[in-house]
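This document starts with one chain, in the form predicted on its own, laid out as structure tokens.
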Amino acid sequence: MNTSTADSPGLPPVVTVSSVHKRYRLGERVVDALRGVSLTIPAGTICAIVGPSGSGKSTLLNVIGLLDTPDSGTIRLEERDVASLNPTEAARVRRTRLGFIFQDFNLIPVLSAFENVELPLRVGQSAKAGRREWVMSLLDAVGLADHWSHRPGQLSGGQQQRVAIARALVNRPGIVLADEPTANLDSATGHSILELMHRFNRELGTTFVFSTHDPAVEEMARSVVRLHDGVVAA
């Protein structure tokens, strides 16, 4: 078993991955993306999952985020075993307890910044009372209160990623999963995005788990998990 534990003694685990295997078939070829991965991430930390292309970083992030299911092993989020949830239950956990930030932003082009951030609340049918104020407070926190009516095509890459961060936080998730969030940004913009997420980690206690090639993320993270060929190397 390959095990990594974040260096934050005394904090309860928010993510526990135990002996997870994941295999893909690509035509005639079988790829072992994860081979017995185990790790623990305490609540309120910033964890970076790093490694070369093909090491299994995105696959690990996807199984933690219930976007994919492991072939074997267990995953616990906030002490709940989630590896074998049915699709409806998994969708509910994703909607209520997880936030996602992607390198390509994944904003809906025809919606404004406000509407993109609000969308998870509408999908979850949350109460309308206070909804506008909460969405606007998040847009203000990411520096885009004056751009609330702009569509993604009217925003820079850094501004779009700020909208994506606000959207990831709108349901007040305990865990935010960020897949290469600075990959499509220049270094200065990427640095400001990381500072913003670090701030939310400090102020809200949100756990951030990154899949990344960016050395700046490693420097910011309180724990680093190194993958190589689907195995925890360090």
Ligand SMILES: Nc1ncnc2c1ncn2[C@@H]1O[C@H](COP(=O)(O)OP(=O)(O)OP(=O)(O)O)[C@@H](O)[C@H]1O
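In case it trips you up, residue 1 is the first one in the sequence shown, and so on. Just so it is clear, the model here is predicted, and its values are computed rather than measured.
The same protein has a further form, the form predicted together with the ligand, not shown here; the description that follows concerns it.
Not displayed here, the ligand is approached by Leu26 to within 4.5 Å at the level of heavy atoms in the predicted bound form.
Interface membership of His213, defined by any non-hydrogen atom within 4.5 Å of the ligand in the predicted bound form, is confirmed. Remark: Ser58 counts among the residues lining the ligand in the predicted bound form, judged by a heavy atom distance of 4.5 Å or less.
Proximity of Val209 to the ligand in the predicted bound form falls outside the 4.5 Å heavy atom cutoff. Considering the ligand in the predicted bound form, the lone stretch of 182-190, 48-56, 162-170, 198-206 in range is 48-56 [heavy atom distance within 4.5 Å]. Checked against the ligand in the predicted bound form, the candidates Leu177, Ala33, Ile41, Val63 yield a single residue with a heavy atom inside 4.5 Å, and that residue is Ala33.
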